[in-house]
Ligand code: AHR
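Only one chain is included here, represented as structure tokens and corresponding to the form predicted alone.
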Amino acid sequence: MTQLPKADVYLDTNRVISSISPLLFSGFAEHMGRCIYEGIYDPESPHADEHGLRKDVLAALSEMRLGAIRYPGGNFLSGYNWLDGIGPRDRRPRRRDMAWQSIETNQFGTDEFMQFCRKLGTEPMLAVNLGTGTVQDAANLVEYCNAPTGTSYADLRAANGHADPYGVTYWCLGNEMDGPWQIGHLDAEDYGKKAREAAKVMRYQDPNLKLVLAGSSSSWMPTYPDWDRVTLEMCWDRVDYHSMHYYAVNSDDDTPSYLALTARLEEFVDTLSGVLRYVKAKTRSKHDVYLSWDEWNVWFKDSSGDGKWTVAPHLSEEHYNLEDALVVAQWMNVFLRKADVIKSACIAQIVNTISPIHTTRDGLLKHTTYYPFVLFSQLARGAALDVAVKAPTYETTQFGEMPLLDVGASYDEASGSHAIFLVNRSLTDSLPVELHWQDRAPQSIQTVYQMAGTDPKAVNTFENPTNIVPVKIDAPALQDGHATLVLPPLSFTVVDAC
């Protein structure tokens, strides 16, 4: 192993990008594959509690400290009648889910999801069906969740054992309505009209809602970014967030380019940020709309989506490796670097289906991608910092010359805590890094966590669950606001200082 020329990271707590939104480290649960059944809800498992919720899954998700969980979809949403999933379980209908060609038992629905969120201490983010669903259906669901008793749907909630309103704040106006695959697909103008009216009547039910408009389902869509412009112009003053979706792939097995994917991710954010500024100016509005990256993850090894009309089929159960974990870590660095415009982000999904957690009936595995998420959600607090980085570069096929070091940082003034997140993209060389605090340096570096390996394809398995996990390494000395680390190749390092 050789050593690269030194990189320098300059930290200044006066260079604040934005406060870090509590929703930035959120999750997504869809009725797809085994995310709900055999994942969140599995009464046959020895790990199930008295409500059928998996206690081991709850424990693993608790470590992730999810700000919110988006539910119930996803493509599933656009053919879902929320009334099927409430009331006595023995009376709930079994349905064909057209989105994933699966059988939906409806044994888990809105009330069970609310109970699940309360056990986790996380905010629910509910989505309304704007595919086959109507504007009235959306208003009725808000009444069911948020209205005091005394009217039909609020009384129905009480009859189902939940007298007090749930007070759900965050709501998504449909899902990926730009996609021809979506049940009830609409063009931008028709979706804009439907979303605008749904937002209006939902706010009649509860004026305190925060609403998410469905944006482009990928930067690869032929209608992107015009879809975003048109729908935002129609709905600007009625929504608070605009969604964006993206799934990372390495189908060409080009690891150097894959590890530089932040170039594409930041371009996606910058384009939509420009659309937001344009529409705000065009509408002469004082209202702000922010981005909600409410589906993001690595997804390409298992893209299965046909459940063959079975219950809880094994669909899109990715097994994540070291390079995937490094991409996830850098993606979360992008969230920090763009924290002024990205205020919500949901990893898709949280159990089994394209997820950092994998279950069998008896056990649970944490994939490599679980650990970067946990480190960010537990340590990135306060404000995101605008970090100056000088680093050696390398050549990539897809993005040309890119820096070998990717960095994000946060500072919490209340506690005086600093967190720096560092990825060495080199496959072969270690990278010395000098940290320079230009003001308000911490007293000491308390802990350094590091994930690293020599094989980018290395994975965790049930037989070897700790093959790729963070370990604590010796913290460097901090002298006069300077500290030096040597980052091994293919590594993710987190510096926790105070």
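Position 1 is the first residue in the sequence shown; the rest follow in order. Quantities reported herein were computed from a predicted structural model and do not represent experimental measurements.
Quick note: we don't show the form predicted together with alpha-L-arabinofuranose (AHR), though the next part is all about it.
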Can Met32 be called a contact residue for alpha-L-arabinofuranose (AHR) in the model of the complex at 4.5 Å between heavy atoms? yes
According to a 4.5 angstroms non-hydrogen atom cut-off, is Glu176 in contact with alpha-L-arabinofuranose (AHR) in the model of the complex? yes
Taking 4.5 angstroms as the cut-off for heavy atoms, does Trp309 touch alpha-L-arabinofuranose (AHR) in the model of the complex? no
Ile354 versus alpha-L-arabinofuranose (AHR), in the model of the complex: is there a non-hydrogen atom within 4.5 Å? yes
Given alpha-L-arabinofuranose (AHR) in the model of the complex, answer whether the residues Asn75, His245 and Gln349 all have a heavy atom inside 4.5 Å of it. yes
Quick one: which of 79 to 87, 142 to 150, 329 to 337, 291 to 299 gets within 4.5 Å of alpha-L-arabinofuranose (AHR) in the model of the complex, going by heavy atoms? 291 to 299
Residue within 4.5 Å of alpha-L-arabinofuranose (AHR) in the model of the complex by heavy atom, from Tyr191, Tyr411, Tyr170, Trp100, is Trp100
